[in-house]
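Presented as structure tokens, the chain that follows is alone, the form predicted alone.
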């Protein structure tokens, strides 16, 4: 099957989106947005990080109890205590994340590549023992050695991971670089690749489209592009662009894009700019 017939959206508004400075969603706001995302056809929702504490865990249990078609995913560091917190909430789909660039491994973790691989194996053994579905995130892939990323992916594949996330963690790629790197990796990677782009140079949506063209099978996005620093690729821009430029319907109803963006704008207390692409009041797009 051609990847362009199965490219899927992974919404991370409640996890990476909520890392936007000054943004905190209430449980009620998350319920409203989760139902709206589900009704719009989003199949994957990264619901949050149970390790953040009891309040977050209670919210996540509430979301898990909703009658949604979408799969809710718990985000975790490759830390056994973090993973056990997700399991105790009742998650059956777990995301485990570790840095793969030497810059992050050396300066952030103060470890080495061997430690990263061993830590990944230990974490995956735990989720595997509980019969969970799981995905793996490779933080800072855009500045990592591609061969180490592929080795990291091989380990994840050996344990049964569903896919691996290529994270442009600091938003340092442009569309041409994104296409070249993803095209090189897709044919050699043992897992389907999910692209996760940040918007530090206003290129997150363009980079996500380049990843689609290069063979990535999933895209990580947020409503209205909210997220850490300059944000993430916006769900509405990616969905509308896929339909406009490539005639590809990713399963998300384009008619719901405006109302989805308004929901997160209200919950985050960040009104949409009138001239915001796709969903702004003076340039709202009718697909």
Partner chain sequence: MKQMVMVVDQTINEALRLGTPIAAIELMIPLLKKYSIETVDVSLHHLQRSGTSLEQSLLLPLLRCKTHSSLEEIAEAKQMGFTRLIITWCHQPLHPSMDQLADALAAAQEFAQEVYVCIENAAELSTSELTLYWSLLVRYQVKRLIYQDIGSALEPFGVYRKLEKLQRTIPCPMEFHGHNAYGLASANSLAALRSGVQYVAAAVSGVGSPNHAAMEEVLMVVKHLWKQEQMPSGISLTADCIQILSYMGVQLPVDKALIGRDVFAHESGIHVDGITKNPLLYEVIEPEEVGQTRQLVIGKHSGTASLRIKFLQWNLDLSQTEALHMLEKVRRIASMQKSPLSDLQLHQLYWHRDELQNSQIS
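Given the structure is predicted, the values throughout are model-derived calculations rather than measurements. Positions refer to the first chain, counted from 1.
Keep in mind the form predicted in complex with the partner chain is missing from the figure; the text below concerns it.
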For the partner chain in the predicted complex, the stretch among 157-165, 71-79, 187-195, 144-152 with residues bearing a heavy atom within 4.5 Å is 71-79
Do heavy atoms from each of 32, 35 and 58 fall within 4.5 Å of the partner chain in the predicted complex? no
Which residue, 63, 256, 240, 250, has a heavy atom that falls within 4.5 Å of the partner chain in the predicted complex? 240
Is there any non-hydrogen atom of residue 114 lying within 4.5 Å of the partner chain in the predicted complex? no
Given that the partner chain is not shown alongside this chain, does residue 108 nevertheless sit within 4.5 Å of it in the predicted complex, heavy atom to heavy atom? yes
In the predicted complex, does residue 175 come within 4.5 Å of the partner chain, counting heavy atoms only? yes
Taking heavy atoms and a 4.5 Å cut-off, does residue 10 contact the partner chain in the predicted complex? no
Quick one: name the residues from 169-207 with any non-hydrogen atom within 4.5 angstroms of the partner chain in the predicted complex. 169, 170, 171, 172, 173, 174, 175, 176, 177, 179, 199, 200, 201, 202, 203, 205, 206
